[in-house]
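Below, in structure tokens: the form predicted on its own, a single chain.
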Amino acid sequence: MDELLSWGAILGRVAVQFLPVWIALVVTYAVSITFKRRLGLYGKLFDSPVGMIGFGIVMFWVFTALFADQVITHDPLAQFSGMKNKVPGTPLANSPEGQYGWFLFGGDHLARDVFSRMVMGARSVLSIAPAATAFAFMVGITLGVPAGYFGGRLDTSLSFIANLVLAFPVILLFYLLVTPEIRLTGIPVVLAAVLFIFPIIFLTILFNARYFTDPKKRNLYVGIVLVLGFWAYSGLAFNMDPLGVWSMDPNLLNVFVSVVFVNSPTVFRIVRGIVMDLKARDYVAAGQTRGEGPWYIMLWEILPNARGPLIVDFCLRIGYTTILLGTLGFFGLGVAPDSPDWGSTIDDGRKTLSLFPHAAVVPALALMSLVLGLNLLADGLREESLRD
């Protein structure tokens, strides 16, 4: 019978399991450093030690999510006889042919592999946080740019709505939006119908403003945006995609919409403030003198010059969203009760924390490292954007 592994052996085997991730990281760094002078702000990130460390940590978890099926040692939802609350490095009892022989980070209170659940938890978190943050930025930019540029009643009305949402404590608002009772009222579907339309509006206005004097290109790009956009919109918001390509589980839709709704007002305030500052610059006055339209000036003159602070905030906001998702999972309001997301796994491990801490500590360290990496990445981007 196999013996209990030492910590050195455990870490060695863990490193071997992450081999696809290490290879992907090496290739990414090699290509990025080689061509960094051609990659704009992203390339300049590799001149910042802090940014490189943060980027490495973030990409480690991104590649872990992508290669999770190759990294895991067992089915993260499967229960194994005799492995309840086993310590890290415990050999699998009665291991069948072809089955990995150890629970590298031990077993939880339901005899599931903690290592495999941690790895698959990265996919669960990273499938929601970046996409939801991107949607929130689409909403915030679409509303914040004209509010800051035009001012007046439009600014007053949108700012009032944003302040109304921001007046609620974030965690409480998030908690209320994802409760099962709210889902039964249909409010998440209504919010999805409203919020998911903003990327289509933003991209349509973006291409229309850019190619307004070239009707052929304008019609082509706007047509592609409308066809693909409403195809995705029908599936994601209403689960009515006739081809079945775009769909979202009701629990996932609930969480996703909540993240977008909670983050959008803050992004709106940031974008509005930046635009109010930049619209007084000389290049804006020059564009107005040339007869450029207001939307062209907003989206193609002002917005590119705001990219530094917005990219930094985007990275930080993914970190905030990751923490919020972990908080939801900890409260039992995650995507699914048996989901391997880190918040749910920490909550499961909390029940036996005093006796078997590994089940909670492992996902907690994973969550902490991802958020730390995002914060370091944001610091590096901020440092380089100030030099830009």
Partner chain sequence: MTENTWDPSKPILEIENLSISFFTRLREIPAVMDFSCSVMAGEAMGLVGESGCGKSTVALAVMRDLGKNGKIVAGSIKFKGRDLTNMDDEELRHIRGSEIAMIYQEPMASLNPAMKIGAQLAEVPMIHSGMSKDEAWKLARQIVADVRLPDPDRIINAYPHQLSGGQQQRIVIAMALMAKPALLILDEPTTALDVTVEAGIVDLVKELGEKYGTSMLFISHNLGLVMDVCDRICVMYSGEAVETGNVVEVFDKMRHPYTQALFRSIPLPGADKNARPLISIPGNFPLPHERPPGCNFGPRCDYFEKGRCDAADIPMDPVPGGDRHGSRCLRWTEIDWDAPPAKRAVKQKAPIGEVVLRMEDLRKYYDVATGAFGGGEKKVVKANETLSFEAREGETLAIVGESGCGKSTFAKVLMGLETATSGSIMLFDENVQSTPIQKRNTDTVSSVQMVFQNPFDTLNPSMNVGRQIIRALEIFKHGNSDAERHARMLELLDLVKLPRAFADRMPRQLSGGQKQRVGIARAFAGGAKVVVADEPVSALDVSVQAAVTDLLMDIQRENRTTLLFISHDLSIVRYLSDRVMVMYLGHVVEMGTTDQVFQPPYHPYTEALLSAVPIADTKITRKRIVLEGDIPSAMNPPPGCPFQTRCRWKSQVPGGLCDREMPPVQVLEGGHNIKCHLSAEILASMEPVIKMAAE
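The structure presented is a predicted model; accordingly, all values stated were derived computationally and were not measured. Residue numbers count along the first chain shown, from 1.
Although it is not shown, the form predicted together with the partner chain is what the next lines describe.
With the partner left out here, the partner chain still marks one of 280 to 288, 110 to 118, 129 to 137, 74 to 82 in the model of the complex; by a 4.5 Å heavy atom cut-off that stretch is 280 to 288. Using a 4.5 Å heavy atom cutoff, none of Gly12, Phe18 and Phe67 lies near the partner chain in the model of the complex. Taking the partner from elsewhere, Arg307 is found to have a heavy atom lying within 4.5 Å of the partner chain in the model of the complex. A residue is said to contact a partner when one of its heavy atoms sits within 4.5 Å of a partner heavy atom; Ala209 meets this definition for the partner chain in the model of the complex. Mapping the unseen interface onto this chain, Tyr100 falls outside it, with no heavy atom inside 4.5 Å of the partner chain in the model of the complex. Contact check for Ser157: every heavy atom lies farther than 4.5 Å from the partner chain in the model of the complex. Checked against the partner chain in the model of the complex, the candidates Tyr296, Tyr233, Phe198, Phe314 yield a single residue with a heavy atom inside 4.5 Å, and that residue is Tyr296.
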